[in-house]
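You are given structure tokens for the same protein chain in two forms, set apart as structure 1 and structure 2.
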Structure 1
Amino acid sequence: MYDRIKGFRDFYPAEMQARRQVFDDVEDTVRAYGFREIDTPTLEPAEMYIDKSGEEIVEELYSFEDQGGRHVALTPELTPTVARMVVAKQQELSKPIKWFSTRPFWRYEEPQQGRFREFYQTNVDIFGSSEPDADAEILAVAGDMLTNLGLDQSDFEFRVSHRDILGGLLETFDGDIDVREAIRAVDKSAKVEQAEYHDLLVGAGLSYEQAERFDELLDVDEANLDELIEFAGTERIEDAVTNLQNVLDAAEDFGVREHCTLSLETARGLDYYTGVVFECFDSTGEVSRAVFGGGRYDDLIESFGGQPTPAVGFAPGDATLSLLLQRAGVWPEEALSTDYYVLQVGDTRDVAARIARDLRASGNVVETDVADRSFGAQMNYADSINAETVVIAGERDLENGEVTVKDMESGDQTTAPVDAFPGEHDRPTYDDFA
């Protein structure tokens, strides 16, 4: 007996049916905004992630040397891959480029609530627009995705921030400050005690007094964002505050403003973010970690050798999204569903197979016996797969030119002319022949 590898999951049919419904609903929302589906490789050069994140990233990768001597990795995220794809055909692609993809990813990290070593994400990205409307559309897609899954305003919130506000404020303090490390500290601020958070800021080059002042500045409310401009007195902060306000204004017109809360403590840990960033959280706090996040990454395409190309996107993952949907009571029922089971009694395979083919041709889910089981065994199986209707093709029925149509919920049954079943009915039921 073999054990499943730690951090990987099995999905049996009932659970997979619920997951498939969620994936389909997410993708239907994304498609409604005009995003086009792409597919991408499982393996990429490991250097692509090392160049972006540093040598330490190797410890988090499923990486190895292939038979050609290449250092490759199972893809831990999609953003570098889509950046590579944009660069490869940048001159041919109409702007803005709006892409999405749902696929598995792999990261070698310690499994915990909402985090696995193999996980699934739907990545949604816009390339080629620096307008606040693009950021607002990403927020709107995320909001519609969640409400279309059955959530309402009380279930979730988007905590919105701006990386240039964080970086710009840090630049105003005297000292040799590692801005990247300080922003990483901000990203951890909600997960650690305040003293530890301040220690992290000090480790990035701030004094304790500066760390406390920086923390106070991030606590500003939306109505007083101009205080940050007055404090810093820099064009970078002024531009960032204006951009953030413009994005929130656009979010109002896009119908998603009600879900957005200013939260300058939201930083997003990845270094490539450049502008507005956001994270989705469970409003009740029962799901203690971010459900998903996203934001703007305007420099990444150029860093991959392409022309300067603004970009913004987000990526909901299956594990944390399922936690939120389950907490809110809107996770789809984990149960099999079958439209018809065509039951055979005696030597009736030809007729049963013809009926099954005709029903499938109308788009129905149909099963029939492939194991030479008894009548009782077939009925038990039909019940186990939640068949709505059982069509019984028995030798005696066929001698009378009939089949029996049984409604499995009520137990009622009637007969129908075999030559007229299913006939012109796309989804014939007991009621059509009773």
Structure 2
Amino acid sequence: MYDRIKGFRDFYPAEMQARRQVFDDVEDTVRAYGFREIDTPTLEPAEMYIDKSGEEIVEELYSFEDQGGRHVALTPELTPTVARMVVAKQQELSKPIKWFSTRPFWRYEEPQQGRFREFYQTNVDIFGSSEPDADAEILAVAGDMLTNLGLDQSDFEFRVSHRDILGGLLETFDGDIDVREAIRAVDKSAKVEQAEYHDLLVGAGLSYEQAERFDELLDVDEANLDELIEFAGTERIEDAVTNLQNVLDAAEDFGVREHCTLSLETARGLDYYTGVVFECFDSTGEVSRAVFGGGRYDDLIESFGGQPTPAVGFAPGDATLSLLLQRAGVWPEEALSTDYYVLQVGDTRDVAARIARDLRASGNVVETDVADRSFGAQMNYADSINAETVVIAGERDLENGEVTVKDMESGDQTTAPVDAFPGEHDRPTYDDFA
């Protein structure tokens, strides 16, 4: 009668249980590093994105005028919001500020595999440190997150680049070059043919020769990064190369170096990045797009009216992350789990409800009949929710002061004294009474 809106998703319990486990694992990793949860509005002033986010996001913005005449937008990304929040309490917050949050975002894109109009991201950011250690900690928490989800080193790689190397190289070329436009071309380089990539660079103001030279330079080996300094001869490139090397050294100490490969062709789509940027890729290439990315954005807080505050972060999204976990065979099982079903036969609701309450009090997931169903219907239901143990409160058993305890996997059953169930047991099983 009413249809779900295109690009939006309904999550039913079995799939949601798997998603919840992944969200929890991600957040447990992030919390272990001392990132603190925040929560943020769904609507923000549309101008915030028009001013800050770059044209790609603005084209895809869900924006409208609210009943009070405000031009508002459904948040397409978190960074402008956290920048606003940092600026609002800059004096009170002790630095570095380490925040995370998991929530949905919205972009009016064409839905496809791994892309929806409503998607979830866990945003993880450090504000207030320009040190390479902060970049490395972001790489480390990202790497730990993936290994804690069950991936191993051969499953993924972080392609690490540096915006200032890209920008610094571009400014060495003669001509009227639109650096933002050229960096956006780099961001697309992996997705298009080389000729088209060069055309995009030419569109940004490079000559074809410059485009080819630039392309070659970005192909440099990690061992030969100094060649870029020699080529450019500028302090900017020297600083950027040194910074990149320092981040990789810190990544070594932080235990994440093994996941990192140099890849100057990686640029990230958003305009506000300033230093190290990285993208996570499926090593097998089966998931062809970047799984997620992140990087340093040192100028954003100041551009929001705050004091200069360096920042670095990353943001895994649910749709691509699930593709990678599925590809690697570590996506959690999509199935319900239930500790007990307390089955009622005859007028035994008072006993069944008491047993259910006691079992819940020790932390178990327990259902009992709320629909006045037959023995068979209740047993089928218990099976459908994967109940491990069924406790049968039957009128006749109860006359003898007993309930029946049935192990659903083996099918074995035995009786237990109703007064001792669960008694001292936090998690009584068939074996406790057989």
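Keep in mind the model is a prediction, meaning the values are calculated, not measured. All residue numbers here refer to structure 1's sequence, counted from 1. Only residues modelled in both forms are compared. Each form is matched to the other, and the largest set of C-alpha atoms that superpose within 1.5 Å is called the rigid core.
Chemist: Only one of these is the form predicted together with another copy of the chain, so let me know which.
Modeler: It is structure 2; that copy is the form predicted together with another copy of the chain.
Chemist: Can you give me the runs of at least three consecutive residues whose Cα atoms all move 2 Å or more between the two structures, with the core used for the fit?
Modeler: Runs found: 1-3, 53-59, listed by sequence.
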